[in-house]
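What follows are structure tokens for two forms of the same protein chain, given separately as structure 1 and structure 2.
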Structure 1
């Protein structure tokens, strides 16, 4: 059974077993209908962006607290789909990584399709010390590599986390950058370097 079918079956089973979710379905349907009235396809910004996939539906309908066994099973599916670099190299150039972390451009209707997309990492995290404006939705990443090291296992963890955070925590609010094709392999490598390279300002 493939992961997509498994997610759909599990989502249906959870909703069927949860009266509260069913009671909420009318309100959810009305809210989605209202959003879809206002969001229209314009260029590469397509209206289907307001539609949730099966995995996100499970998180939305359980208040981000799905049953542990279901979460573990689906996290394993997400992890199996992470595509690590064929050359085995997981760290790029931290300077390029800082530019990606700073950039929030890409995927809007006014952006040219195919151009590199930014990570917009500072929107949620503290990273390098020179940037004094940052979000706090995610944890601080300052001194990330200094505290955790840059072993092969740590590089793999960081690469996988950026590629698809839901492979580690099913209802993570972090975007699935690699999974959805927002960031390419080289870009993710650069972000790994930003966090782990001893020469990166993050680790000074």
Structure 2
């Protein structure tokens, strides 16, 4: 069974089994019905995007603070679906990684479908020091490798985090780039290098 479908069924079962805490409030039910009416497909942004998947449903219904047991099970589920590179090499070229981190392209109705999407990383994170136009939705990643090292475990963590941030923290605000097929294996490797390669400006 496809991982996403499995997650949705599990989440749906959990919602059904859970008492009032996870049920929709009256206002929320009305908001969902209203949004179903009020959105139309434009470009690649299809109308069905307002519907939540299983993980989103859990986060939405718990104010992003799901009960620990549910969070752990669903994180493990997300983790199990992370695909690590077959060749075992997790670090690519940091220069290519910087370009991907800069690009905010992807998934909006004004983006041309089919083109490779960017990482949006600078929208939310400080990364290399030369780029001073960075967002603060996520923590600073400057000196990431210098501070955290670049052992095999650390590489695996960063690869996994970019592939699916929700496998570590269920309701993280960071998108699931690998999970949704936004970033391909080679692109994620380049981003791992941007954060962990000692030669990367991030670690100078």
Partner chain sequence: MRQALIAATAFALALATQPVVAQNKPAPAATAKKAAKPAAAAPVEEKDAATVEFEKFRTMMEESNPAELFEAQGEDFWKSIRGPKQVSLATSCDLGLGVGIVKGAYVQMPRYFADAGKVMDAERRIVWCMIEKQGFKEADIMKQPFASGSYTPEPTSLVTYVAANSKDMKFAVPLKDPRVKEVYEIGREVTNHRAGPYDFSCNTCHGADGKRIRMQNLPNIATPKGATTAVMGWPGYRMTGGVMLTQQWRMGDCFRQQRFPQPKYVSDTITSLLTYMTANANGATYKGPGIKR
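Under this definition, the rigid core comprises the largest set of C-alpha atoms superposing within 1.5 Å between the forms. Positions refer to the first chain, counted from 1. Predicted model, so just to flag it, every value in this text is computed and none were measured.
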Taken from the structure described, the form predicted on its own is structure 1
- Threshold 2 Å Cα movement between structure 1 and structure 2 at residue 42, rigid core reference: yes
Once you overlay the rigid core, does the Cα of residue 111 travel 2 Å or further between structure 1 and structure 2? yes
